[in-house]
Ligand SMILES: NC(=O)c1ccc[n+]([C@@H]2O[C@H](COP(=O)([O-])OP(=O)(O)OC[C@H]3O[C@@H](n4cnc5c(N)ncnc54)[C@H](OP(=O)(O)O)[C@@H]3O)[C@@H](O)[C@H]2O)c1
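Here's a solo chain for you in structure tokens, the form predicted on its own.
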Amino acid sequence: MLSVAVSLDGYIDDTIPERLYLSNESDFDGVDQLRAESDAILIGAETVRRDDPRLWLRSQERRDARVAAGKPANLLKVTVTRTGNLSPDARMFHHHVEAGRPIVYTTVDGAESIGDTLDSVADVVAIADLDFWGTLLEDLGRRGIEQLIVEGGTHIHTAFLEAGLADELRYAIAPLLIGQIDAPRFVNPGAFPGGSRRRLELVDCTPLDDVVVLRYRPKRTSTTPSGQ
């Protein structure tokens, strides 16, 4: 499941150093529920560096419900880095790690760059296969992860969509415009399956105060409507 909040013009952040909160409390609660239903959460290294999130469940009630169901109170935390540029002081490595040591997936070169700097806080997994993302998901599957929530950023969402690995997209639209040419967007240009002729299936549309949440799933076959 890919989960993202965007501005009306398709940006996920601005260029101001202070963090921009696109969503509202109702949407944050919806994302928290989605996290509670998942086994692991994945973000890119750029998001770790920029936002330094803890990646935990905000709701104590949801944490208690997971424990009552025999699950860890919080999700397994996962990040991906090509360069290995991650600080061992990042909060995701130290807060709410009930599901086990966070996992850092990287390339062989990235693992060499990391060296032993993360040994005390995370498991580093180097992937040499050309099918990097498929291998990553297979490894998570072997670890018992059945539902993964992917919360970005841009490079991560682009990679999952290009590889056709997203089962569902949760797309929250916030009522503001960013318009900064250097600000990060939801996805980069990419070779997406089906290209501009592929239409996703809209499975839900939910207004949450001033935010609208759209949920899409890929169709097996898709064509542009006749007459268009």
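We number the residues from 1 along the sequence you see. A quick note: this is a predicted structure, and the numbers were derived from the prediction, not measured.
Not pictured, yet referred to below: the form predicted together with the named molecule.
**Item:** Check all three, A73, P102 and A122, heavy atom within 4.5 Å of the named molecule in the model of the complex
**Value:** No residue of the spot touches the named molecule in the model of the complex.
**Asked** Applying a 4.5 Å heavy atom distance criterion, does M1 contact the named molecule in the model of the complex?
**Response** Contact with the named molecule, no.
**Request:** Indicate whether A45 is a 4.5 Å heavy atom neighbour of the named molecule in the model of the complex.
**Result:** Taking the distances in the model of the complex, the answer for A45 is yes, it comes within 4.5 Å of the named molecule.
**Request:** Check whether V211 has any heavy atom within 4.5 Å of a heavy atom of the named molecule in the model of the complex, and answer yes or no.
**Result:** Judged by the heavy-atom cut-off of 4.5 Å, V211 is well away from the named molecule in the model of the complex.
**Asked** Using heavy atoms and a 4.5 Å limit, would one call H96 a contact residue for the named molecule in the model of the complex?
**Response** Because no heavy atom of H96 falls inside 4.5 Å of the named molecule in the model of the complex, the answer is no.
**Message:** Just to be sure I understand the contacts: of E168, D39, D51, E162, which is the one whose heavy atoms reach within 4.5 angstroms of the named molecule in the model of the complex?
**Reply:** Answer to the contact question: D51.
**Asked** Among V80, I149, L118, A90, which has at least one heavy atom within 4.5 Å of the named molecule in the model of the complex?
**Response** Of the candidates V80, I149, L118, A90, V80 is the one lying within 4.5 Å of the named molecule in the model of the complex.
**Residues in 155 to 170 close to the named molecule in the model of the complex, defined by a heavy atom within 4.5 Å, in order** = Heavy-atom contacts to the named molecule in the model of the complex: H155, I156.
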